[in-house]
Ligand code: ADP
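Listed next as structure tokens is one chain, alone, in the form predicted on its own.
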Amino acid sequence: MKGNDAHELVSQQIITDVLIDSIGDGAITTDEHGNVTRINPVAVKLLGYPAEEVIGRWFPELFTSFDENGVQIPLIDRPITRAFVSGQILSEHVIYRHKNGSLVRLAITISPIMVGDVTAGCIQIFRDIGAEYEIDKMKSDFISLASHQLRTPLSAIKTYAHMLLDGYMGKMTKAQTKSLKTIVAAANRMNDTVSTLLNISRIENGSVISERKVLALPKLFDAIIEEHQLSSSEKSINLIVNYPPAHVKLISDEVILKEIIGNLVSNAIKYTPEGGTVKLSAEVKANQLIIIVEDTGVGIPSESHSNVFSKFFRAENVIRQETSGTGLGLYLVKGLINELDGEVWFESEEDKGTTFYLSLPLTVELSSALKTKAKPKVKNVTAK
């Protein structure tokens, strides 16, 4: 190597070291074997290991990953391994062990260093999110407690309002009946909000428990449609049901799945103008059950697509049409479908409608009828 080349290489290494040290978050780089090549001062502070104890050592040996329950994650499933194998950038939350033995909760991004198609190392950037996690946990705990406490007075309000409507305490005038129906409707909306908050709290606390069994999908679809028949009738919505083949067997949690689909159908009806159409259907693709909720509603503006599943988000055109709403429904759908090992996505165009898709892993027991592509039953529940 010529003198100038050697000098240039040293200069580049110095610049690289300065850049790594200047990063405001923790930063660790490794070579192609996973051995640590650099660690910046912030990473030293976060993890407790001085540079002289880290440089040259195998990263997975030094920094063990743990799950939410404090159980060590197998090497093959750790973020650094997956980044090396996939060659893709990974961003997620991890837990590492500090030198003093304590667990440190971090938000980490691992970027493989690619030379052509070969992974020549990686750089990890991370920050401590322990305080944020505790604050979020406190918020979730508070929401859960408050929601549980609201359930009792809500039940009393609904019970006594229904008793008044049913004439248990004397005949009501038309004005009184109208007022009581308003009270019941408001209590129902509040109850729905409380249920949503409780479900979100359970998701964020990791306390959702699914009880999976073989589901009768046509029966489930009928129950969902029956619950939304009144709201669709009030707007003369054309409600169509396209049932999955009867011999398709889905093993899932009925209560959670009903909550997910019901939320999507409710939104579709709410944001579809009078006389429009809402369609609930299902089909099988590549050992997946695809449940589809399609409407001819107001649609979602393209600039809002990336935020649809965010907490408290509501698109501008929706707010103009319907001022009430929490912006939690689709956030809940996303969280619950993840609990069922499924996925959710959508297609939408403003003023032309929206189609939501749910994909769930399928255990299929196909009869000869299904193997010969038997046509699914279709039901048109046009509101009268």
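In this text, residue numbers run from 1 along the sequence as written. Everything quoted here is computed from the prediction, not taken from an experiment.
Absent from the display: the form predicted together with this ligand. The rest refers to it.
Peer 1: Report whether all of Phe66, Ala107 and Gly130 sit within 4.5 Å of this ligand in the predicted bound form, measuring from non-hydrogen atoms.
Peer 2: Result no, not one residue of the spot touches this ligand.
Peer 1: Go through 148 to 156, 209 to 217, 269 to 277, 130 to 138 and give me the stretch that gets within 4.5 Å of this ligand in the predicted bound form, heavy atoms only.
Peer 2: In the other structure, the partner sits against 269 to 277.
Peer 1: Which one, Pro41, Gly56, Gly327, Gly48, lies within 4.5 Å of this ligand in the predicted bound form by heavy atoms?
Peer 2: Here the answer is residue option Gly327.
Peer 1: Would you mind picking the one in Arg78, Arg314, Arg202, Arg97 that has a heavy atom within 4.5 Å of this ligand in the predicted bound form?
Peer 2: Of the candidates Arg78, Arg314, Arg202, Arg97, Arg314 is the one lying within 4.5 Å of this ligand in the predicted bound form.
Peer 1: Considering non-hydrogen atoms and a 4.5 Å limit, does this ligand approach Thr354 in the predicted bound form?
Peer 2: Because a heavy atom of Thr354 falls inside 4.5 Å of this ligand in the predicted bound form, the answer is yes.
Peer 1: Within 4.5 Å, heavy atoms only: does Val318 come near this ligand in the predicted bound form?
Peer 2: Val318: contacts this ligand in the predicted bound form.
Peer 1: Using a 4.5 Å heavy atom cut-off, state whether Val298 contacts this ligand in the predicted bound form.
Peer 2: So Val298 counts as contacting this ligand.
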